[in-house]
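Encoded as structure tokens, the following chain is the form predicted alone, with no partner shown.
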Amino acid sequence: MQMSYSAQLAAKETKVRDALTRIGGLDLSDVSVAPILGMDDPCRYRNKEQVPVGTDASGNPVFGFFAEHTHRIVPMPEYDCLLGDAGNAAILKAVRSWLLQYSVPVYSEETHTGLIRHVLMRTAGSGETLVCLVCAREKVPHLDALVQALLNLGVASVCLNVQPKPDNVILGPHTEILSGSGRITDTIGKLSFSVSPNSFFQVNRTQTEKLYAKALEFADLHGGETVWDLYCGIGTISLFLAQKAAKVYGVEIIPQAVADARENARLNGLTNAEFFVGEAEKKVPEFYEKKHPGNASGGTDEAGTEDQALTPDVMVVDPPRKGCDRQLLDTMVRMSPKRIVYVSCDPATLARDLKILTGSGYRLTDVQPVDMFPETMSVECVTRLQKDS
């Protein structure tokens, strides 16, 4: 944040190029490495904030974010993060007033006592807002007063999430809806998505449209293609692809995300996208071995997936920071798609995986860095690989 925005963009471009050449050993002389896609305004872009709650030396509630490599909360001036939605400050002030008025105890990470741990806020492009209070236990006093205060601010939905474990995972497995539907509807391009407190949904709507448009461009679909989307989450990229493909198969490890993906397909009237649960690292190799024409088994599996999916035209991967498992990369190569679109949030693991793919019959043709997270060191990339003829 001490750098001008233009300097941040230049640094991120250099970071991508350095990783691809140094870690990946790639020759970029014949690769189209496009200038990074930045933002006109690099503030107020986050549609989701997860704000830790603690206490100061006097025992008063404090809202802020953890100092790097610590659990010490750095308070936000006026309860406002300049990367988040401007309306979140009023929500945090309302929560603080409720804590003080009713002496509701804040959770202590040292003693594992108290109740209130985080305040999660999600805001749709329409302004529709969801607030989720993360607590150590299910029974919280005077919740009705807090819900009413939030509704008075125009909040559409209020939830209570219970996280009893003394670890770093923010959300627990149980969420109770206190008011509203427990969801908001957000849009990316022409598509609508139902988003809950637990949903994985890109936090920068503006840049996500650019990133997905580039992924769709690199997929080069003309209406008759079969596509796999691995690590598909709630189906955001899958449904973008389904607008132009004959069939899209999405794989995601989180059952609730797959349920959301199916609901989002229904919400958008798309019937050519099919989703199933499993680790991409295991599910795709298992599926391939089961359905390979050389095996005795064949036909259709329990999800209705046909053998034509064994030879997809395009495979899209959007893995977590750790990148793709080697077994998954090997199976992708065996399935031999014409194109692979690799969306990455970490240039180092991207470079490592591209080294494997380019050594296995694929040629890197395009690299597009995207600044999804201004004022941070993170940078996303969309890359295209073509199968050598």
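One-based numbering along the sequence shown. Just so it is clear, the model here is predicted, and its values are computed rather than measured.
Although it is not shown, the form predicted in complex with ligand SAH is what the next lines describe.
Peer 1: P197, G233, G84, P312: which sits within 4.5 Å of ligand SAH in the model of the complex by any heavy atom?
Peer 2: So the residue touching ligand SAH in the model of the complex, by this definition, is G233.
Peer 1: Can you pick the one in E274, D80, E225, E281 that has a heavy atom within 4.5 Å of ligand SAH in the model of the complex?
Peer 2: Only one option qualifies, and that one is E281.
Peer 1: Should T129 be counted as a contact of ligand SAH in the model of the complex, where contact means heavy atoms within 4.5 Å?
Peer 2: No, no contact at 4.5 Å.
Peer 1: Is there a heavy atom of L241 no more than 4.5 Å from a heavy atom of ligand SAH in the model of the complex?
Peer 2: Judged by the heavy-atom cut-off of 4.5 Å, L241 is well away from ligand SAH in the model of the complex.
Peer 1: With heavy atoms only and a cut-off of 4.5 Å, decide whether I253 touches ligand SAH in the model of the complex.
Peer 2: Yes, contact at 4.5 Å.
Peer 1: Counting only non-hydrogen atoms and a 4.5 angstroms cut-off, does A261 reach ligand SAH in the model of the complex?
Peer 2: Flag for A261 set to no.
Peer 1: Taking L20, D353 and T383 as a possible spot, do all three reach ligand SAH in the model of the complex with a heavy atom inside 4.5 Å?
Peer 2: No, the candidate spot makes no contact with ligand SAH.
Peer 1: What stretch, of 318 to 326, 354 to 362, 35 to 43, 64 to 72, brings heavy atoms to within 4.5 Å of ligand SAH in the model of the complex?
Peer 2: Within 4.5 Å of the partner lies stretch 318 to 326.
Peer 1: What residues of 196 to 218, in sequence order, lie within 4.5 Å of ligand SAH in the model of the complex by heavy atom?
Peer 2: In sequence order, F200, Q202, Y212 come within 4.5 Å of the partner.
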